[in-house]
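Read the single chain below, which is given as structure tokens and is the form predicted on its own.
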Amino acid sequence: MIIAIDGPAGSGKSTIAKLLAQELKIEYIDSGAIYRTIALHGINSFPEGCQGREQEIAEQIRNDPGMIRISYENHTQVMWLNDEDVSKSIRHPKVTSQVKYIADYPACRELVNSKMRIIARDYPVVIDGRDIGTVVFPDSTHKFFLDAQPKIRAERRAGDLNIKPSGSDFEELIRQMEIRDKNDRERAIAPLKRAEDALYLDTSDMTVEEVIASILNHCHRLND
């Protein structure tokens, strides 16, 4: 089973995906961790950074399929780079600053998509993103698109950033989220898009428990 959850920033998709995987006792694929591992390899190979080296990085990994491995221990994803557990080191700020170059590069995205498809072949999974139901797993029968009103999504994001849900900082956060929404929908690579057969859920007035219950009920109906 592959449960694909897409949606804009602040829609709650990552939180829901992780809790759903826990509820079902299946694996959650953290695609961001895979991108970060590729970025870490790029940093190790090119100390000046990944920008402009994306194709070389992709080719190095493609030519050595065992360089990056993914395993699960007690339903926790573990990232391996050259047989070293890098699950913690990929969270370093330097990796954070470089991962955008990897995530925006087509050859690197296809590497990540390939890794995720291999995992989904071996395990039942939950995965969230922008193009999971449209590009990565278009044949999945369990697709969901989570959304929420822009102000609600901004309030959720403000909570993560310890920003008060009012005032100039909050207004700027709303503005930045609107820009991100526009960019995500119009980007040439992996645009944010709802799959035609995805169940749409507006989570604006829903609790986390209600969202999970709605997804589970829909999955049960599909499986009957």
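Rigid core here is just the name for the largest C-alpha set that superposes within 1.5 Å across the two forms. On a predicted model such as this, the values are computed, not experimentally measured, just so you know. All residue numbers are counted from 1 along the displayed sequence.
The same protein also exists as the form predicted together with a small molecule; that form is not shown, yet it is the one meant from here on.
Asker: At 4.5 Å between heavy atoms, is A103 in contact with the small molecule in the predicted bound form?
Answerer: A103: contacts the small molecule in the predicted bound form.
Asker: Within a 4.5 Å heavy atom cut-off, is R36 in contact with the small molecule in the predicted bound form?
Answerer: R36 belongs to the contact set for the small molecule.
Asker: Classify R91 as contacting or not contacting the small molecule in the predicted bound form by the rule of any non-hydrogen atom within 4.5 angstroms, answering yes or no.
Answerer: Because a heavy atom of R91 falls inside 4.5 Å of the small molecule in the predicted bound form, the answer is yes.
Asker: Find out whether any non-hydrogen atom of A154 is located within 4.5 angstroms of the small molecule in the predicted bound form, and reply yes or no.
Answerer: So A154 does not count as contacting the small molecule.
Asker: Counting any heavy atom within 4.5 Å as contact, can you tell me which stretch out of 162-170, 66-74, 42-50, 24-32 lines the small molecule in the predicted bound form?
Answerer: Only one stretch qualifies here: 24-32.
Asker: All three of K18, K143 and D202 touching the small molecule in the predicted bound form at 4.5 Å, heavy atom to heavy atom?
Answerer: Zero of three within 4.5 Å in the predicted bound form.
Asker: Aligning on the core only, does the CA of I90 end up 2 angstroms or more away between this form and the one not shown?
Answerer: Yes, the C-alpha moves 2 Å or more.
Asker: D30: with the rigid core matched between this form and the one not shown, does its Cα shift 2 Å or more?
Answerer: Yes.
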